[in-house]
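Just one chain follows, in the form predicted alone, and it is written as structure tokens.
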Amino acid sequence: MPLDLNTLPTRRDEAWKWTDVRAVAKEDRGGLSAAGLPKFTLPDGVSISEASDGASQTDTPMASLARSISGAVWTVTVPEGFNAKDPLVIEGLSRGHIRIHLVLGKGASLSVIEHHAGDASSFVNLDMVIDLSEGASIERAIIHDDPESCLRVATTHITAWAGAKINQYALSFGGDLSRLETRVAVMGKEVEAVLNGAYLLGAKRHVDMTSYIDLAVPHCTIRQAVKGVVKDKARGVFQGKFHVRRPAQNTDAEMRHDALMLSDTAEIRSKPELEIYADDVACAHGNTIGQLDESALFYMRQRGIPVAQARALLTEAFVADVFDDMSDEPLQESVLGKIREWLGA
């Protein structure tokens, strides 16, 4: 059944005001009304199953569409106490509506690498649910490298119980219109989360990095750092919110968004938010948008470094530090290599 485009979010929806999906989702896009078929490379000892339903899905508008069209939920299960030596690799996220459910048992550990690379002129709607049992840990690397004509919405809802650890690193080069959204429900004490990312956009590419962290229990630590670089007529969006409920005393949470504008025609929209009801917390957020440091450029040029190379080196140094704590060194080097390739360094 063809998708009713009127069900898609528009700029009239507050949470989507800078990412108007309906305006870009034309009827001739591949995958608009079809189920997608992801590809999984599983570590030994990790199982996968396909069911017509079963995962507790998110309540976002795009999740509802995925439920109605995808027809299946792919559930990956990591047993209690299991430490996966190799990463779970998810590919094939190239078109259509896709639902994935990751379940980590008590004390389990998993590394996940997601390659988001769509087909030209395609529509991709990924709805992912991650359940972290007590003491479970996940390191998630998201590499988003779509063609310029691809439209993508990827929404992840993470539920974290006591002692769970989340390390997430996202690198996006945007697309015709794209949104990478992470929603975390912190349900147990002493959860630790790092939610870092970077976007590098040229031409008329667009990416929206949105996050919502809901803290309902005490003694949790959240760190979020997102950096962006835009040039030409690209559009970058960052929306981040920490919702600290009254029981979440002793929360320690920091959010930063910093971006560089390399042309006067590029756009950045940023909305960091704190909503705090607890009275014994350490929460902060910061936001900066600017240009490269001209004095640093002058210093490098005085020492014989060509201006293009100097700009690339300064931009790489600005972006790369959000990936410093990745535990997978070859993957970290691959991510940095993609950044250098984009910069032409």
Partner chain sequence: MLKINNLSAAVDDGQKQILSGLSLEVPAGEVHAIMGPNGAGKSTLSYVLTGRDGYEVTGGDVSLNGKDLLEMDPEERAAAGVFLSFQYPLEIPGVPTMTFLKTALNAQRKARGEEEMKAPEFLKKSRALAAELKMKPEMLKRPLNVGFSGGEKKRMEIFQMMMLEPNFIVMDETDSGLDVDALRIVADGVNKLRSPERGMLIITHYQRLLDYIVPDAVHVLAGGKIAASGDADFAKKLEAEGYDAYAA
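Numbering follows the first chain given and starts at 1. Just so it is clear, the model here is predicted, and its values are computed rather than measured.
Not pictured, yet referred to below: the form predicted in complex with the partner chain.
Each of S295, M300 and L313 near the partner chain in the model of the complex, meaning some heavy atom within 4.5 Å? Every residue of the spot touches the partner chain in the model of the complex.
Please determine whether A317 contacts the partner chain in the model of the complex, using a 4.5 Å cut-off between heavy atoms. Within the cut-off, so yes.
Should G45 be counted as a contact of the partner chain in the model of the complex, where contact means heavy atoms within 4.5 Å? Because no heavy atom of G45 falls inside 4.5 Å of the partner chain in the model of the complex, the answer is no.
Does A282 reach the partner chain in the model of the complex if we count a contact as any heavy atom within 4.5 Å? A282: no, not in contact with the partner chain in the model of the complex.
Can N287 be called a contact residue for the partner chain in the model of the complex at 4.5 Å between heavy atoms? Result no; N287 lies far from the partner chain in the model of the complex.
One stretch from 22-30, 305-313, 274-282, 36-44 that, in the model of the complex, holds residues within 4.5 Å of the partner chain by heavy atom: Within 4.5 Å of the partner lies stretch 305-313.
Within 4.5 Å of the partner chain in the model of the complex, counting any non-hydrogen atom, which residues from 142-170 show up? Counting only heavy atoms within 4.5 Å of the partner chain in the model of the complex, no residue of 142-170 makes contact.
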